[in-house]
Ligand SMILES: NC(=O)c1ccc[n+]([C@@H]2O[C@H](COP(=O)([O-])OP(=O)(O)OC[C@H]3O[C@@H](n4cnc5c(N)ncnc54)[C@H](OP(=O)(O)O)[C@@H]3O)[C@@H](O)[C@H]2O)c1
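One chain is shown next in structure tokens, namely the form predicted on its own.
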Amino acid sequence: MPTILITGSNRGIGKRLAELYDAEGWTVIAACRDPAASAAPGEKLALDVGDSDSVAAAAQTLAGREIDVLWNNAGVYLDKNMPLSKMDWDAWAQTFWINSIAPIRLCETLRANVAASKRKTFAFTTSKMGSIALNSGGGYAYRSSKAALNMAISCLTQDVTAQGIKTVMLHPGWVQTDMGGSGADIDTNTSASGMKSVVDGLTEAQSGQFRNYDGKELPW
């Protein structure tokens, strides 16, 4: 059976993704900072995507293993409801490190693992809040970090196409999680199931696209 590695798998969307793939018989590598506290199914992998030593250790653990789908799901929203007049500038920098840089570094670190697999897919949980066309203001750090991530993925797509690796950016919707809040539009199952369908059916022609959880293509 194929193998999927999911970051931020200890709760919310990541945990539900792990459950859905596990139910279909996939080998699930559930990565998070504290595996001992995670209820996600599958193999537990200690991975702090923002820590260089942790990424290197995870790469060593996974050396030689095929990874069909590397799903970069971990992310932070540190400036939620924070006006510019009260911006925590260090938090903005940290947001960029986790949301924009860390996913690309992890893809490069595990590129050989994915290239050796049959499905060869990099998936990213991003956000339509990173869309300049759909910008409604606020959320400076989060929005800009996701816009930067989307551009970086566009660059990455061009680098990995020759190896047959596909990429896809996914907006999960406004989801009832710790980040989204209890008043959000949809639950984790609706979001995760929809995104999973997009990833499972991804073709080479669709590589590099920015899509909603229901499959609709989104503007940059």
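A residue's number is simply how far along the shown sequence it sits, counting from 1. Note that the coordinates shown come from a computational prediction; the quantities given were computed from them, not determined experimentally.
What comes next is about the form predicted in complex with the named molecule, which is not displayed.
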* Would you say all of Ile13, Asp48 and Thr177 touch the named molecule in the model of the complex, counting a heavy atom within 4.5 Å as a touch? -> yes
* Asked: Out of 61 to 69, 22 to 30, 167 to 175, 154 to 162, where are the residues with a heavy atom within 4.5 Å of the named molecule in the model of the complex?
  -> 167 to 175
* To do: Just give me the single entry in Ala74, Ala141, Ala123, Cys107 that has a non-hydrogen atom within 4.5 angstroms of the named molecule in the model of the complex.
  => Ala74
* To do: Spell out, yes or no, whether the shortest heavy atom distance between Ile98 and the named molecule in the model of the complex is within 4.5 Å.
  => yes
